[in-house]
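Next up is one chain by itself, shown in structure tokens, the form predicted alone.
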Amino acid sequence: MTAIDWMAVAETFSQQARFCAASPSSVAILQGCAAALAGPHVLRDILIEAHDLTRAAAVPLRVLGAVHRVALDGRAPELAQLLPSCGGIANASRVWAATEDVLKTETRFIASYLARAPQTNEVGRSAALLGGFLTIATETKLPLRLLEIGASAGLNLSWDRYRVTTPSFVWGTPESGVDLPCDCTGAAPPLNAGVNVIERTGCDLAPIDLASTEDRRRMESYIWADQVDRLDRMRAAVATARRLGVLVDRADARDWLARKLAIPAPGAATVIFHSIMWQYLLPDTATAIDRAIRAAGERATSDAPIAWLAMEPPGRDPGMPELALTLWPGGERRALAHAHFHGAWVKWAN
């Protein structure tokens, strides 16, 4: 067995703590984990069973989600009292001690929870994706056929049913049960675009089944415990998706996309989109998807255009996400905006 570089693993926890600065409870848990990995600890025993401890595997988020899940399920009352998501009062100075107790008492459960990748499906990203969809609708003047890869539960497939509220504009209907506050700066997207979504489907290797209480609770566990507003938005978005009958297929993105793009769709703009998932793809898979989209783009016509809308960090490093659009015919890639990972703010290109 290859020796584990525990210092490197600890650094992934420290790095994730920096990314979670908006959630003091999450920071305290992740920093506690990083410190614990400096020597023999039950957390080491748990992580030894993990197949992949690299940064790409997002192990810190898996641990954070597993611990949160125990509290959400009512099996860790002391920890739950310190987490707003469980009805508690946040106390970052006490949360690590309570977490350490959970690691010791729920060792087997936490180890098993790490076997699956995080499934957050952050619905706030629809506030950033909105501008891309509106741009596509404006420029093609066609109904939209949505194909989301790495869709998780498919909550962002319902973007047109949400209400986006910013300091300078509001988009969406007052009747929407999902309100997405967003601090927008720069030139606003084309807000008057006519939007008509005629198909909304997605794929994921391990999709969330919205009819399953277990799957919904798992998705909730990856929301940071201090951020009750995000949790409430997710639950409202789940209700919307269930009403719409949003479908997410269990499939490999490259195979699924190849099948979907092989079907002609005259009279509609086919929009392939994804958000904060590209960095987790194997290089060969990413290359295959890229080629499939570009090949479909080369076949595109003005009556059946192809759009690729991506909200991803530039490169494979976890930098601030960029919203980029490539539209065929033409195929020019445009950076439309930069955005917060959860859609809290968007800076539109001028």
Ligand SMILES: C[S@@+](CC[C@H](N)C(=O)[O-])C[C@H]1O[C@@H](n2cnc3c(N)ncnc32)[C@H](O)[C@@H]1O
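Rigid core here is just the name for the largest C-alpha set that superposes within 1.5 Å across the two forms. Given the structure is predicted, the values throughout are model-derived calculations rather than measurements. Residue numbers here begin at 1 and follow the sequence given.
Form predicted in complex with this ligand: not shown, discussed below.
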Interface check vs this ligand in the predicted bound form: of A239, A211, A97, L205, the one with a heavy atom inside 4.5 Å is L205
Of these, R161, R200, K260, R125, which has a heavy atom no more than 4.5 Å from this ligand in the predicted bound form?
R125
Any of the heavy atoms of D252 lying within 4.5 Å of this ligand in the predicted bound form?
yes
Classify A66 as contacting or not contacting this ligand in the predicted bound form by the rule of any non-hydrogen atom within 4.5 angstroms, answering yes or no.
no
Please run the contact check for Y280 against this ligand in the predicted bound form: heavy atoms, 4.5 angstroms, yes or no?
yes
Does any heavy atom of I276 come within 4.5 Å of a heavy atom of this ligand in the predicted bound form?
yes
Given 145 to 153, 262 to 270, 239 to 247, 71 to 79, the stretch touching this ligand in the predicted bound form at heavy atoms within 4.5 Å is 145 to 153
Within 4.5 Å of this ligand in the predicted bound form, which residues of 93 to 132 have a heavy atom? Give them in sequence order, or say none.
Q119, T120, N121, E122, R125
Superpose on the rigid core, then tell me if the C-alpha of R259 is displaced by 2 angstroms or more between the shown form and the other one.
no
For a quick test of reading the superposition: does L325 move by 2 Å or more at the CA between the shown form and the other one, rigid core aligned?
no
